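Heads up, the chain below is alone and in the form predicted on its own; it's given as structure tokens.
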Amino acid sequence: MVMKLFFLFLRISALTIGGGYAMIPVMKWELEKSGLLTEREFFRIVGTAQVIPGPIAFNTAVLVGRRLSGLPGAVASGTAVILPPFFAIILVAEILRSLSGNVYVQGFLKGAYVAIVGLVGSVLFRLVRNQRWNFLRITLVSLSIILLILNSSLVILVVILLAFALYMREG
């Protein structure tokens, strides 16, 4: 079972383009098709994987592996999901390094950088828009931003205190 899980998640990770969330429907289809999990079991695992810090595909693979084959299954599934992107990153980095002097490659990288800033800004905008804002939240977030502008080395402390002030108070 451990080797079956390893090659199943290796194949999914190697052939799926689009990141972790793109792998989830493929994982569901493969696990259901092979009779290893029902749809309900899979979505329960994905729900748990979403609350664990880390990449969703890795968390899901580890939880599926653990569910089906214990600790060896978790290790095999997690390793299998990581291997293809790991080697792909090394390959792409090596190609980019060898072509770093090319003006077209430099233009592509500058364009990709702008696109990433836009994507992150879009996600931030949606997160901010979907919050329930009140006077306390606006005040705490504004004070945190001012504090971070004045001293950016306090970012971890400010984020922890802000999270505690905003979310622990509501819980």
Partner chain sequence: MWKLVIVFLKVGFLSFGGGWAIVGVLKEELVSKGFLTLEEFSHAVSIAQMTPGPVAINLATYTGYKFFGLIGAILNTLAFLIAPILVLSIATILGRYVKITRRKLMKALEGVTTALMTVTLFSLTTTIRNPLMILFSIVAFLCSFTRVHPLIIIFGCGVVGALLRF
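Since we're looking at a predicted model, the values are computed, not measured. Whichever C-alpha set is largest while still superposing within 1.5 Å between the two forms counts as the rigid core. Numbering follows the first chain given and starts at 1.
One more form of this protein, predicted in complex with its partner chain, exists but is not displayed; see below.
Among residues of the shown chain, Lys110 is one whose heavy atoms approach its partner chain to within 4.5 Å in the model of the complex. In the model of the complex, its partner chain sits beyond 4.5 Å of every heavy atom of Met1. In the model of the complex, Pro72 stays away from its partner chain, with no heavy atom inside 4.5 Å. In the model of the complex, its partner chain lies farther than 4.5 Å from every heavy atom of Thr139.
Looking at 34-68, the residues that come within 4.5 Å of its partner chain in the model of the complex, counting any heavy atom, are Arg44, Gly47, Thr48, Gln50, Val51, Ile52, Pro53, Gly54, Pro55, Ala57, Phe58, Asn59, Val62, Leu63, Arg66.
Once both forms are overlaid on the rigid core, the distance between the two CA positions of Trp29 between this form and the one not shown is under 2 angstroms. Once you line up the core between this form and the one not shown, the Cα of Ile56 stays within less than 2 Å of where it was.
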